[in-house]
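A single chain, nothing else alongside it, follows as structure tokens in the form predicted alone.
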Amino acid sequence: MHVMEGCLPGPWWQIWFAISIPVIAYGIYKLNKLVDERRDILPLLAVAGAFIFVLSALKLPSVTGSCSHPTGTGLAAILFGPAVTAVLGTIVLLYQALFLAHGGLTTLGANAFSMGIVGPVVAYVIYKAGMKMNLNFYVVVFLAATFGDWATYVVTSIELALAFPSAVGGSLTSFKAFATIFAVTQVPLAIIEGAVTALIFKYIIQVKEDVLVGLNVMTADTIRKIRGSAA
């Protein structure tokens, strides 16, 4: 999904920066406020950031100028919300662009929009909706992480299609081509990511259930039900 340096022509790379910067700025505000109020969540923030970094660094060849990999943003989106996740994702993307030649600086806005903003928003909305519907917690987490990953690649396909419209059929034809190529690797990768994210939450519930309640990720009653069903 990391669109490589120099791949997007103007004005597209500037447009994605213009859209992403206000969201990231708001995320920085939310992150600072969260850390001031809850210093105890710093280790969990570090784990969420590391999860994004490790999974998004596992790149596979895909569309020319881009790649396929898990995103890891679903975990952070559920724990801290999409705004904070946008900051974590952007930090990861910046580090990877500078030190791993993974992505780029001019394409940072586009990559942050797809992986750091849209994917987490989709994951967060699905998680909240699933919990309100009283669905199984682990199923909801799985769906949130999986669809958040897929949303990232749909947006990346849109970004590439807008920048490189087909001579016949325009951007819509290009979108279909990019999305189809991404789907070959990303459909199974996202499913695996969803399963891994659900397993991580199972562990967090066992060792840090108070943090989940404090962050309003889930209620104490929900945790009791999960423990009761597992007994």
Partner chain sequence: MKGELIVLAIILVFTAQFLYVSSNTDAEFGGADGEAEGVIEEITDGKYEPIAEPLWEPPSGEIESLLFGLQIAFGALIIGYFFGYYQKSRG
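Positions refer to the first chain, counted from 1. Bear in mind that the values here come from a model prediction, so they are computed numbers and not experimental data.
What comes next is about the form predicted together with the partner chain, which does not appear here.
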{"property": "Contact test, all of F51, Q96 and H102, partner the partner chain in the predicted bound form, heavy atom 4.5 Å", "result": "yes"}
{"property": "Position in contact with the partner chain when the complex is considered in the predicted bound form, options V184, I191, V35, I28, heavy atoms within 4.5 Å", "result": "I191"}
{"property": "The unique member of A83, A151, L160, V141 whose heavy atoms fall within 4.5 Å of the partner chain in the predicted bound form", "result": "L160"}
{"property": "M4, heavy atom within 4.5 angstroms of the partner chain in the predicted bound form", "result": "yes"}
{"property": "Any non-hydrogen atom of R227 within 4.5 angstroms of the partner chain in the predicted bound form", "result": "yes"}
{"property": "Non-hydrogen atom contact G169 with the partner chain in the predicted bound form at 4.5 angstroms", "result": "no"}
{"property": "Partner contact for V92 in the predicted bound form: the partner chain, 4.5 angstroms, heavy atom", "result": "yes"}
{"property": "The partner chain in the predicted bound form - contacting residues of 146-181, heavy atom within 4.5 Å", "result": "L160, F164, P165, S166, S174, A177, F178, I181"}
